[in-house]
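Next up is one chain by itself, shown in structure tokens, the form predicted alone.
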């Protein structure tokens, strides 16, 4: 959807209070902002935030006759620049294009029009996109704007519940972009809340006392299922490279370059609100790229790798304990920010997006495809656990990226929730036999055997050093 004039004026007003080193590009920039949101679900979770496409339309607020008892949030950092490793790959492809001695033809012809690569400063790599470092001052998809919008939506949805819960801690893993997201969120809540930001270490030495258990899992092997993942055809990448090379003789793009262009598209959207590079791809190529990314995440960080259920159990055990203790805990609002893989590990243990059928690496299973990585953990992803009481009975349910996602085997309650006692039984079955410390050999990197920061933050005062990674 195109941004209307009122939205642009609002964004302009926000931006005018900051000093921008990089002015917005001239020409057609404004007309392109907001025209590529249909591509977000196909960009592997690297593109800006979007709501879960598979929603059944179930209202995400608690049912009208029910009273909230506890809210938990596990959210991903907001939109960002590429990581250093990804930035290095993108720069290699950009240099190949920059050094091409002729004018470009076809879908790359936009480069002829004084195009500037969107990573202007290497210091922006790994960082949240913000009003200060966005390439385009009117970028509506920056991580800063996303976090602040999220906070306003949070207030609008839970305002009544928050009236009696104005003092609480917010927990963030120690990556700088995660910390920044949490700060932007807290800032947007306003001054009527007393919020303590607790920065929890994601260094392996943190062991179980972390929001990023995967870092304390030396036994995790990202190459465990490389053979299966490699069975998916990458002909779509060859086709892209050949098409662009045929349009521009002597260009010599490779499959790797073609793959890099998808990341280019996604991160440029995060940095300036639109990307001409996104127009390079056909819909068929986007579908292939998205599913290839699904496969990689499924077998590295999701249900396809048996170890992951143990990794995600570290946070799920803590979440379950908070739910069971909700009546006696003073704090009723538990907000945490971390990385995409940490959320995916947790949801794998919960089982929300696991139908028990392994993803096929020889074709796209259009009719039987539950695990869409980009739908689950886009930039700014948010997973809410709601506990509410209706007629003296407690219920639990999940809201993922603005959509209620019922538990397949337990959704008999109001708003397709699960009766608390049945949920605890379900959770016990999912956690049975899942030992994070043993599966991961965590003792080789840490002596911390328990996640305690939710309970001891007032005395421990978590303030881990920030990591630019």
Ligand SMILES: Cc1ncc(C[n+]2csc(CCOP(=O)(O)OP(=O)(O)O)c2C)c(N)n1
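Numbering follows the first chain given and starts at 1. The model shown is predicted, which means the values in this text are computed figures rather than measured ones.
Form predicted in complex with the named molecule: not shown, discussed below.
Exactly one listed residue, out of 128, 257, 301, 294, brings a non-hydrogen atom to within 4.5 Å of the named molecule in the predicted bound form: 301.
Residue-level contacts in the predicted bound form: of 340, 285, 354, 183, one residue has a heavy atom within 4.5 Å of the named molecule, and it is 340. The three marked residues, 50, 149 and 348, fail to reach the named molecule in the predicted bound form, with no heavy atom of any inside 4.5 Å.
Residue contact check for residue 158: none of its heavy atoms lie within 4.5 Å of the named molecule in the predicted bound form. In the predicted bound form, at least one heavy atom of residue 83 sits within 4.5 Å of a heavy atom of the named molecule.
Contact annotation: residue 311 falls within 4.5 Å of the named molecule in the predicted bound form, judged by heavy atom distances.
At the 4.5 Å threshold, heavy atoms of residue 215 reach the named molecule in the predicted bound form. Listed stretches are 215 to 223, 359 to 367, 247 to 255, 105 to 113; the contact stretch with the named molecule in the predicted bound form is 215 to 223, by a heavy atom cutoff of 4.5 Å.
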